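Next up: a single chain in structure tokens, the form predicted on its own.
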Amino acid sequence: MMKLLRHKLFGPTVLAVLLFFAPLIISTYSVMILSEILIMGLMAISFNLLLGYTGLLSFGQGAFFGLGAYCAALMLQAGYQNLFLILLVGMLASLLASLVVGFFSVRLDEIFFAMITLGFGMLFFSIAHNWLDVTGGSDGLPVFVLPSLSLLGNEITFYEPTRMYYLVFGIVLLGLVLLWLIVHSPFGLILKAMRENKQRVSFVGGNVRLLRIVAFAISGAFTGLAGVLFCLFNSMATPEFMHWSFSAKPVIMSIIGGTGVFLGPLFGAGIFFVLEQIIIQYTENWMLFLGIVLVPIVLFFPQGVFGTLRNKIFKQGVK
């Protein structure tokens, strides 16, 4: 058992070490791109708790991401500087919103679930876009002052890209550890069972609807955490975070990386942003060419790039 656990943790540990030392050897611009990859990777892995482990395709994750971002922006504009309070409020607001959305959504399956989450997502987008006094409308809410952190008597600010990266790295790492523990807990096993056959879970006494609501709420809370981080990183909260096109990003990232492997969506986020940076150098219509590149990825890597390669290397998929 311990040998299997060490085998599972070896790759993530090496990845964490590489990410920790990455700012020492890459450019400032690359550090900023890597920060964005980590934030979107957290969002994608949070989303994958639904798609990969529960079997639910949500097109409304942008609503919780945007809600977390707006909570951070509003608190900073109001003068609140406590970093942990801002992170907590962003997560709690997204948690409460996801409980409400989940209550009405999880009773449905497949395309019906996807469509109702899409509807709720666009409802949040419309509110953020039209409530000018609170959200700033299409212009969004700018953030001019970032929270600081007191550590060993020193006041640490995050205006410098490398310091912001380490803030993002630390919080994302903590978030991924918590999500990993959830996925590998008995609750995570029940989610996988529901993905395979929810009727059997119901027959043995499992409350499928309640379990789905809990999974939806956890996913929403960590998506909100990613939204708070993105607001701090981008110094802005805009309604575009809640648009359906933004909600499609974690779907694409999860499929590219592999929904059956915990870190698959993180690698999918990396592939997504690297392709974007390469293509955008040659054309502004990068989404068209990104789509052309993604088609063979989906065709030749049915379990995602990371999932397929991992299975071929180890001859088995460890979910």
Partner chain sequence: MTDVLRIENLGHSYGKFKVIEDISLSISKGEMSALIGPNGAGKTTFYNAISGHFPPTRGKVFLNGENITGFAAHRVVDKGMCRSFQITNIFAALTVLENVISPLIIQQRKHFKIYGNVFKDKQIIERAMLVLEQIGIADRADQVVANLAYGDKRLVEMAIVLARDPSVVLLDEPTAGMNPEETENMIKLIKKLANNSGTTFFITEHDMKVVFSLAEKIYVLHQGHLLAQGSPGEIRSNEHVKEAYLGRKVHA
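As the structure is a prediction and not an experimental result, all values here were calculated from the model. Positions refer to the first chain, counted from 1.
The form predicted in complex with its partner chain exists for this protein as well; it is not shown, and the discussion that follows is about that form.
Heavy atoms within 4.5 Å of its partner chain in the model of the complex are found in one stretch of 155-163, 90-98, 176-184, 132-140, which is 176-184. Residues 11, 22 and 34 are none of them found to lie within 4.5 Å of its partner chain in the model of the complex, as judged by heavy atom distances. With the partner removed from view, the residue among 114, 214, 236, 149 that has a non-hydrogen atom within 4.5 Å of its partner chain in the model of the complex turns out to be 214. Using a 4.5 angstroms limit between non-hydrogen atoms, residue 79 is distant from its partner chain in the model of the complex. In the model of the complex, residue 201 approaches its partner chain with a heavy atom inside 4.5 Å. Although the partner is absent here, residue 243 is not a contact residue: none of its heavy atoms lies within 4.5 angstroms of its partner chain in the model of the complex. Looking at residue 189, you'd find a heavy atom of it within 4.5 angstroms of its partner chain in the model of the complex. Contacts between stretch 204-236 and its partner chain, counted in the model of the complex as any heavy atom lying within 4.5 Å, involve 204, 205, 206, 207, 210, 211, 214, 218, listed in sequence order.
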